[in-house]
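A single chain, nothing else alongside it, follows as structure tokens in the form predicted alone.
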Amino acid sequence: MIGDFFYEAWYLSLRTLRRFFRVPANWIGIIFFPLIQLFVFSQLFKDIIQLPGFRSSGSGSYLAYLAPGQIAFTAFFAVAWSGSAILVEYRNGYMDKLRATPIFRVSILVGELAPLFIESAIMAGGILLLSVLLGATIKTGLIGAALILVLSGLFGMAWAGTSFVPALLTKSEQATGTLSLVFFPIAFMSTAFVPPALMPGWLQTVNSWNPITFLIEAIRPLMVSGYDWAAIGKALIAIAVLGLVLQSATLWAFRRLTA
């Protein structure tokens, strides 16, 4: 039975990946905004690195500081509207066809969620590569780069619940897209653009609990200084807690929809 579940999830995951990558607008739209921020902001605000608050970051340039944040942004954008895809399957009758077959119901959900790890990692990898081409470095080499992709993929899969839960509860693409916008300020209230020392007090408090900040602060040393296992550990804990809460809610909402 377990083997059947993995086979079903594997087959459905491959279908989900093909559905995503065969439409260029999907991945171009994800990469475009972080790329524009990376290219424009690294030039427009390049002298901001001279402010005292940046000294502790270890970044030699604003591009070096900015790149990890844009990689995290990409993982964030990769799943921001992921819940809408399952609604398309629900409305066109494909999900009903799957439910009529002798497969595990949860494999349908896993077939939508598991590919998000790959999608987030690949999209983040694209921005990582472009960052290097623009002049950023990866001090930890290929192993560090691989670790960045793994962290980005795990974060994307965990964060996807912010889109799946409203999608499954409202059954509305418009409502799902609108509610996804509510989470955008969380990305901007991270250390993607400036260190905590340059934030007002209330924002420093918010930032200390921001899961995106934990991801960024794990990626940044991997690019600019070296392995910071404490930061990586905190990021993994934050991702695990985030995933447990959001994906538990996703599973509940999915069972409610397909009951």
Partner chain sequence: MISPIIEVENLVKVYPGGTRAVDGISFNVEPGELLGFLGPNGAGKTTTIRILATLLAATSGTARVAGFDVTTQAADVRRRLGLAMQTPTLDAFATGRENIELIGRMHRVGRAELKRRTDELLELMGLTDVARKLAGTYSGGMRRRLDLACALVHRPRVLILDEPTEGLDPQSRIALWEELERISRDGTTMLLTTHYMEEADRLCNRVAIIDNGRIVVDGTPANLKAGIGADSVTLQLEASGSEDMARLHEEVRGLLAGFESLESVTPEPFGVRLAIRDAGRAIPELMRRLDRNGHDVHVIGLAVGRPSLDDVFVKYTGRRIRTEAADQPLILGW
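If you're wondering where the values come from, they're calculated on a predicted model, not measured in any experiment. Numbering follows the first chain given and starts at 1.
The following text describes the form predicted together with the partner chain, which does not appear among the structures shown.
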query: Contact at 33, 46 and 188 by the partner chain in the predicted bound form, all three, heavy atom at most 4.5 Å; finding: no
query: 4.5 Å heavy atom contact, residue 12 and the partner chain in the predicted bound form; finding: yes
query: Interface membership of residue 183, the partner chain in the predicted bound form, 4.5 Å heavy atom rule; finding: no
query: Residue 252: touches the partner chain in the predicted bound form, heavy atom cutoff 4.5 angstroms; finding: no
query: Distance check, residue 100 to the partner chain in the predicted bound form, heavy atom within 4.5 Å; finding: yes
query: Candidate stretches 100-108, 76-84, 119-127, 135-143, one within 4.5 Å of the partner chain in the predicted bound form by heavy atom; finding: 100-108
query: The partner chain in the predicted bound form - contacting residues of 20-35, heavy atom within 4.5 Å; finding: 22, 23
